[in-house]
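There is one chain below, alone, in structure tokens, taken in the form predicted on its own.
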Amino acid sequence: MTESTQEELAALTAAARDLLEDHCTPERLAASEGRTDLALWALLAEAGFTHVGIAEDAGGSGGGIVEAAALLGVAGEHAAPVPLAESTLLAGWLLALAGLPQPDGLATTGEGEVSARPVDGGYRLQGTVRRVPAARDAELVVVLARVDGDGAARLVVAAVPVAGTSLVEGHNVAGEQRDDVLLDLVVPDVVEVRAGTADELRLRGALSRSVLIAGALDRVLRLTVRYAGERRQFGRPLSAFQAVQQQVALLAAEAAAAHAAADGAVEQCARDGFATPASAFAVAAAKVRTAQAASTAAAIAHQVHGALGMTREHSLRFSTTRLWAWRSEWGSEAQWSQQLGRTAVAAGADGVWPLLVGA
């Protein structure tokens, strides 16, 4: 549970917004396409933003899920080309959970299937961590693996230097780095973690993308409202036409719905943790609703902007391409919808309502 007041949260987001507004200009976003903006990362690290949500005694900057989510919303709004979700809610959290130190450089992680087998000199890690943000620029990839070969089903965390792995480089539709990390190496030690860690990591990943989407929708709405007011057609601004007004209103409604779903999931998980059915339900609902909003809002924004908004030169694409990418990361809308359905069926007629009001 966070101890920050609303004033402290507002100060945190204002400071992050000031920094990102200066360094996430359209020109700089275009220049950093396909890579991590390491200069921006250094500034964020200097300000303590890269470890928000991680306890100070674990090497972080303090705060909890609420603070980390507030920061991620601002990063999503500015299309910041840095793996902030990984350093706070995901890889950073795994390191803290395992009692491992936070690195000076980037730490990242992703979904994958990795086994850890006891051998002379440590554990042999084999498998692939897929679509890892900023892997080629990272110091560590934090791996969650299942131990094989010692008669017990256990989950362990390993902090693996990226230099000892093989990478298959890739990008998402927004041009963000998404590399496959291929593992076949021996590490001297691993740290056992609780059985539910894999489920929590997936929920944290989905929540991070929901919050990023909600932030990006703010910028898409702002750009669309401004363009509709400035662009004139037939002697009138676009915003004077009823059809355009209706579309912009729908975009605003989708942005508001995405924020409500993401904020509700953050509150639920901050209050009860990720292990409760209500928290899992809230995260699944947020991922579904923000994915729906991303699809609808991006389509409306490009329709209002017309041909101009479809060009690579227009800054709208930095947000809409991220909406298209993030809606499928850490589980697609369809996958999380199926989970919602399974959860509702398992809860039964008497259990669905408590899930809904609890989430």
Partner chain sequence: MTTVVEVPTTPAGVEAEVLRLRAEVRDFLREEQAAGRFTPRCDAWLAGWDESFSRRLAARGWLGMTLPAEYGGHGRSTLERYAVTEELLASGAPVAAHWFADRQIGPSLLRYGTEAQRRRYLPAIVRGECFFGIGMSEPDSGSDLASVRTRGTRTEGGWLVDGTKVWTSGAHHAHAFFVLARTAPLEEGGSRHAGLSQFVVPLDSPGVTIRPIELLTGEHHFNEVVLEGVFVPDDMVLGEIGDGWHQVTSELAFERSGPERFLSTYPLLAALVGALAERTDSDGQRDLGALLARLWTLRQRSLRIAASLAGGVAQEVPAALVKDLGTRFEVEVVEAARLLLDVEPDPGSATTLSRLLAEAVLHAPGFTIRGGTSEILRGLVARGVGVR
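Positions refer to the first chain, counted from 1. Everything quoted here is computed from the prediction, not taken from an experiment.
From this point on, the text means the form predicted in complex with the partner chain, which you will not see here.
- Taking non-hydrogen atoms only, G196 never approaches the partner chain to within 4.5 angstroms in the model of the complex.
- Residue contact check for T13: none of its heavy atoms lie within 4.5 Å of the partner chain in the model of the complex.
- With a 4.5 Å cutoff on heavy atoms, T128 does not count as touching the partner chain in the model of the complex; it lies far away.
- Taking non-hydrogen atoms only, H171 approaches the partner chain to within 4.5 angstroms in the model of the complex.
- Figure note: of the listed segments 302 to 310, 22 to 30, 56 to 64, 41 to 49, the one touching the partner chain in the model of the complex, with heavy atoms no more than 4.5 Å away, is 302 to 310.
- When you look in the model of the complex, the only residue of R271, R231, R117, R154 with a non-hydrogen atom within 4.5 Å of the partner chain is R231.
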